[in-house]
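Two forms, one protein chain; structure tokens for each follow separately as structure 1 and structure 2.
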Structure 1
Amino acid sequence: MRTVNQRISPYLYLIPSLILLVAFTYYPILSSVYISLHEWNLFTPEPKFVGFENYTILFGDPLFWRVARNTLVYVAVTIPITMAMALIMAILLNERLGWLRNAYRVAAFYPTMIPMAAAAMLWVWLLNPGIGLINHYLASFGVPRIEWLYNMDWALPAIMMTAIWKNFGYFMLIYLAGLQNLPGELYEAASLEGAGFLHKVRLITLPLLAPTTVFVVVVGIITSFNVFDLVHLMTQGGPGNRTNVLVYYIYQHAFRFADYGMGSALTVVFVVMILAVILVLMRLLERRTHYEV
């Protein structure tokens, strides 16, 4: 016989978490949608219902499309490079390397431990056009001086470099964990069949790592869509909005211009975009996985 106490205790234990989840995750999701249908800014201090007007203004603004494009370029470039570097490093580090292995692993992983804000400052210094280390070493290869963060075309790539340096070590570790779970017998069998190293990587390692890759892709998408700290500290969205990304644009609207209606509309667009990209990629990955297995 279950007592009353036993029947209500599960809900009792869940209450602290549930109150917090509702207040800071679920209510905000609904409230973003609700506020996005209102005009609410410095000139209209009380929210006024305007339907989809915020969205109409947003989609009619060329700057929004510039920001959306910047964000998608950032995501589409950083994720494949980060993943490729992570995977290659993981495969190399999975070899017998003696005590040096640990040193290599630390060198690749330590950027995960430092704040994005600090990473931004390290790279602002490295990328300094006049006395920065990067321009100095490039000059010794005869590359002319690049203005990096002050140049329309180089600012976004410079931020992407910083992000790749900061993030690949974490994904490398996830791949290393995946590699260590792969069955050794398969490799032995493949060796007996005379398969070479690259064959084994293509036919055994990559297909078996597919679940890890799905995880890495999803986490990678969420992480890279959330890029803010780097932009805020390295370029403030400039020059000429060439590095302005969605979260920075939300920040500008909601917290610089105190335009909560527009900030919320942007938030809704932001979430829809992430979900769309994840869904499309999952479809693609699923198809690939079925073919290979």
Structure 2
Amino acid sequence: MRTVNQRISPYLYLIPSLILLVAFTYYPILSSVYISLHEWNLFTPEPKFVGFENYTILFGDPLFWRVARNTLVYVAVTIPITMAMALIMAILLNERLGWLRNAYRVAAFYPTMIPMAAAAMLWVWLLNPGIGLINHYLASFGVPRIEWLYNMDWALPAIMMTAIWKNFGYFMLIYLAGLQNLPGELYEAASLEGAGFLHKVRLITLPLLAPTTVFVVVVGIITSFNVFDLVHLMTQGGPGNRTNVLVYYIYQHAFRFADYGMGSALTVVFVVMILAVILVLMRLLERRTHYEV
């Protein structure tokens, strides 16, 4: 029979982690919920309880719905494209390419290692309507000059292009690790049966990579919902709030306008939205996911 010390000692090792979890996760969440029920800004230095008034104002504001729509469009476009590019590149790089394979892997992963600020400034230059390389090469095909970051229709797609270029290398590395753990005998058996490359990908690779895909989807959702750097550095939410997203909107209310009550209400809505999207997608993906080979 174990002694009292033996029963308690495992929990003692968990105390430092629990302290950090409470201090930096649970307390901020509960604090945000509490502040969201108060009016607290420059005009009311002391928090004043107003109940759900902040949420009523928020849901009645057309700008909030514009920002929420921008965020959902950004997530819905960037995640599938980034995952598809990452998967295709991982499958290609998993093939035998000789001594060039490592060089290709480094080249594909290199954008991920670039600091976000440097990547944003690079794409601001590339997208410059006057001297940018993208317009320069498009002009060779007769495409008229596009005001990428200043046009209401093209500003958000421009940020999406930057995010896809920046993030697909990270997802490619995850898929590559998943591919290298797949059993080779299945591919050998498929080859003996006369299956081609595409048949192997469709019938073997994609089903067995389902657990990896679930992980990539969750990480991609969290990363996409938390986009801030690119918006702040490239457009600051403009033009006409066409690139304003929830995290940047929270920043504007909480730090630029010093409206802590509304900023906290936005934070609560933001967290609920992320959890809802993840739970729905997890429910859909888990039905087709098998974790044993």
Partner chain sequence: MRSRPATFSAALHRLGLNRLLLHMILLIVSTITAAPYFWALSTSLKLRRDVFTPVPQWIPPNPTLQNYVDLFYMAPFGLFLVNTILVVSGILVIQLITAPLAAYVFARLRFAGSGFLFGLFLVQMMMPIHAVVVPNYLTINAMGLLDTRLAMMLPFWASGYAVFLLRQAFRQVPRDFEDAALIDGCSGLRFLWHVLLPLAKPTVIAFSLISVVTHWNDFLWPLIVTDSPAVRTLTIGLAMFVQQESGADWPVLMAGTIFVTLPLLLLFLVYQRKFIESFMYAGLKG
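Residue numbering: sequential along structure 1, first residue numbered 1. Rigid core here is just the name for the largest C-alpha set that superposes within 1.5 Å across the two forms. What you see is a predicted model, and the numbers here were worked out from it, not measured in a lab.
- Form assignment for the chain places structure 1 as the one matching the criterion, namely the form predicted in complex with the partner chain.
- After superposition on the rigid core, the Cα atom of residue 280 is displaced by less than 2 Å between the two structures.
- After superposing the rigid core, the C-alpha of residue 20 moves by 2 Å or more between the two structures.
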